[in-house]
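Heads up, the chain below is alone and in the form predicted on its own; it's given as structure tokens.
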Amino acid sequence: MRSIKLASLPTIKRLPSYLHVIENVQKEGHQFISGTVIAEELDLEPIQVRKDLAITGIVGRPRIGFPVEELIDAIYRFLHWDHQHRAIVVGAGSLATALMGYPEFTRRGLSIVAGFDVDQSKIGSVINGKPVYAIDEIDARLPTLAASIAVLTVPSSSAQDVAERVIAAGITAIWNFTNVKLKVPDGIIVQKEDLSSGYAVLSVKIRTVNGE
């Protein structure tokens, strides 16, 4: 696979939305879909959609569109969703519970296999079918769990310490839901998910629409 450049990150973020539209069309029995249809569904420009989809290597046919099945497979391959990614969640609170029960992850190749926490009332429990262990057990449990991703939903004050712990245990990628910018060694992948940023955009849009 070609290397993914930072300039293509906006494209990568749009691909799941494209996939959702294309899969719905497939369920309706259609074999082809045009870039214009995808664009109209997502309120985008058709040229942007065609440019984004070009990164998958699938080319649309004039007046016919993109082959649906091939395009779905190509998007899965590009996003590496055709491979199984195993993850643990550290910090078994409300957000973790929602993430551990989100069925879309399984469809997209992400399997959350366990949770870890320091709260004795949560240790030994099962959340959405996933066991919760003591955080002190990460070193011992991780080889058996075979997870390479850690989802951090811990308090911000604990984020750096927890990150160092999971990395020492063998984790190579972190999905960071805290508001802390983690300091990690070279070779460790960190994806920061800032829920406040999404809410900020929504709030400003509401203010703009309401003329406040």
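Since the model is a prediction, treat every value here as computed from it, not as a measurement. Note that residue numbering follows the sequence shown and begins at 1.
Omitted here: the form predicted together with another copy of the chain. The next part is about that form.
S.K.: Out of 57 to 65, 25 to 33, 176 to 184, 157 to 165, where are the residues with a heavy atom within 4.5 Å of another copy of the chain in the predicted bound form?
M.R.: The contacting stretch is 176 to 184.
S.K.: Counting only non-hydrogen atoms and a 4.5 Å threshold, tell me whether Y102, L110 and Q191 all contact another copy of the chain in the predicted bound form.
M.R.: Judged in the predicted bound form, Y102, L110 and Q191 all sit within 4.5 Å of another copy of the chain.
S.K.: I'd like to know if H85 sits close to another copy of the chain in the predicted bound form, meaning any non-hydrogen atom pair within 4.5 angstroms.
M.R.: So H85 counts as contacting another copy of the chain.
S.K.: Within a 4.5 Å heavy atom cut-off, is S94 in contact with another copy of the chain in the predicted bound form?
M.R.: Contact check for S94: yes, within 4.5 Å of another copy of the chain in the predicted bound form.
S.K.: Does any part of A140 reach within 4.5 Å of another copy of the chain in the predicted bound form? Heavy atoms only, please.
M.R.: Judged by the heavy-atom cut-off of 4.5 Å, A140 is well away from another copy of the chain in the predicted bound form.
S.K.: May I ask you to check whether E41 falls inside a 4.5 Å heavy atom distance of another copy of the chain in the predicted bound form?
M.R.: Yes, E41 lies within 4.5 Å of another copy of the chain in the predicted bound form.
S.K.: Considering only 73 to 95, what residues come within 4.5 Å of another copy of the chain in the predicted bound form, judged by heavy atoms?
M.R.: Read in sequence order, the residues that approach another copy of the chain (within 4.5 Å, in the predicted bound form) are R77, F78, L79, H80, W81, H83, H85, S94, L95.
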